[in-house]
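The data below hold one chain only, encoded as structure tokens and taken in the form predicted on its own.
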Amino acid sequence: MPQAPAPEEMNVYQNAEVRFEVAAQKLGLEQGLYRYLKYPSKEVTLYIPVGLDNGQLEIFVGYRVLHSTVRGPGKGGIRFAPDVTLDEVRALATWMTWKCAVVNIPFGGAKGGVICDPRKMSRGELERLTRRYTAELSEWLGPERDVPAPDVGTSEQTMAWVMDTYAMHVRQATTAVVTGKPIELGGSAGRREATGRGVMICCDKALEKLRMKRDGCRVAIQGFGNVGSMAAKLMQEAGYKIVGLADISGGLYNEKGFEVGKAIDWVYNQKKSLTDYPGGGTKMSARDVLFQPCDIAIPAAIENQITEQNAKNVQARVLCEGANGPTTWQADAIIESKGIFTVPDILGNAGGVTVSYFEWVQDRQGFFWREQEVNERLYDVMTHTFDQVVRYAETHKVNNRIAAYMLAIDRVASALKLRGIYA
């Protein structure tokens, strides 16, 4: 059932709201537009009946929030996790609006979630849950309405089930209704690596800006799911030294660096715990990995990892956010006062939604690009956006996070003014 409200600092919707308010104020956004952009367009709560393998009927609570369709259809993942809340989904949908706008792709923001523990459910139970959730939302979803993608606890397989269920309801093949799906069903080459690759591109640009060298640059990464593991793999191949790794089981720090390919094999192929990895190092909590000696810290797991209480412990020169909302708004001033160069989440992890956009384009035109072409286009988008955000920050004398929000909000507000309000 729905969770109790989070403590004030840990309320991710409030974190999203505060940054929006600061940026909107600096932009001088007029009150009407401010109110329009502050609130989601639609929210739905679902009570989803699923027959479990033991013969019992369980009711799961699910959500879908559509924040904005001003610049295009809603875009946003579906999260399966035990601690999903409506506030969290609302915040993530809001962030998606700004993320799509900052990289200038024609989507609005959306997000979905179901309160469940996918690690304790069978494949059959997950399929039945996914299909019923999709069926309940079939009138909301669509290539021109709202396009889901994988998120925490969901995968390419989940998206295949969503696509198939939606196709059965509309009675036609509709590959563009989801992104992040298997290549065989209209997925895009390069999508799996896209968020991690985008993180690496932002780190490269930050080092260039700070006149630091890539070779031997020490990186601590919290999170070993798709984003964290791909960022670690690609960055090590490019010459970075990965000294910190962490997942749900805990963290490891090794100043000599990890062989990331072997760690990925250990966790994903041998199905063993990261903290038991024999190439190990010092064991610690997953959160503490972010506070070890390093040049770049990459939170790539969940929200609220760097807070007012622990921000002073960050030792990195660069903070590149691979997760959504890993830093609370109260921690921002502390991070800034330490002179840490921050790549905010709506830029740092935008590689995923950018290649999701490429996948949607390819599905709709029925013509697919080579992986090299996808990666080149991603590089162009991420480097151009990084430069715009940094220039905006310097021009307006704000930090990179507020600059990214200002750039994004300005684009959505301009589009809204051009469209006008239908009444």
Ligand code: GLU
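All residue numbers are counted from 1 along the displayed sequence. Everything numeric here is computed off the predicted structure, so don't read it as measured data.
Just so it is clear, the following notes concern the form predicted in complex with this ligand, a form of the same protein that is not shown.
| Since exactly one of 134, 188, 349, 327 fits, which has a heavy atom within 4.5 Å of this ligand in the model of the complex? | Selected option: 349.
| task | Scan 244, 76, 299, 198 and let me know which has any heavy atom within 4.5 Å of this ligand in the model of the complex. | result | Selected residue: 76.
| said: in the model of the complex, does residue 179 come within 4.5 Å of this ligand, counting heavy atoms only? | reply: Taking the distances in the model of the complex, the answer for residue 179 is yes, it comes within 4.5 Å of this ligand.
| query | Looking in the model of the complex, any heavy atom of residue 356 within 4.5 Å of this ligand? | reply | Contact with this ligand, yes.
| query | Just to confirm, residue 113 within 4.5 Å of this ligand in the model of the complex by heavy atoms? | reply | Outside the cut-off, so no.
| Does at least one non-hydrogen atom of residue 150 fall within 4.5 angstroms of this ligand in the model of the complex? | Flag for residue 150 set to yes.
| query | In terms of non-hydrogen atoms within 4.5 angstroms, which of the given stretches 93-101, 202-210, 300-308, 270-278 touches this ligand in the model of the complex? | reply | Among the listed stretches, the partner-contacting one is 93-101.
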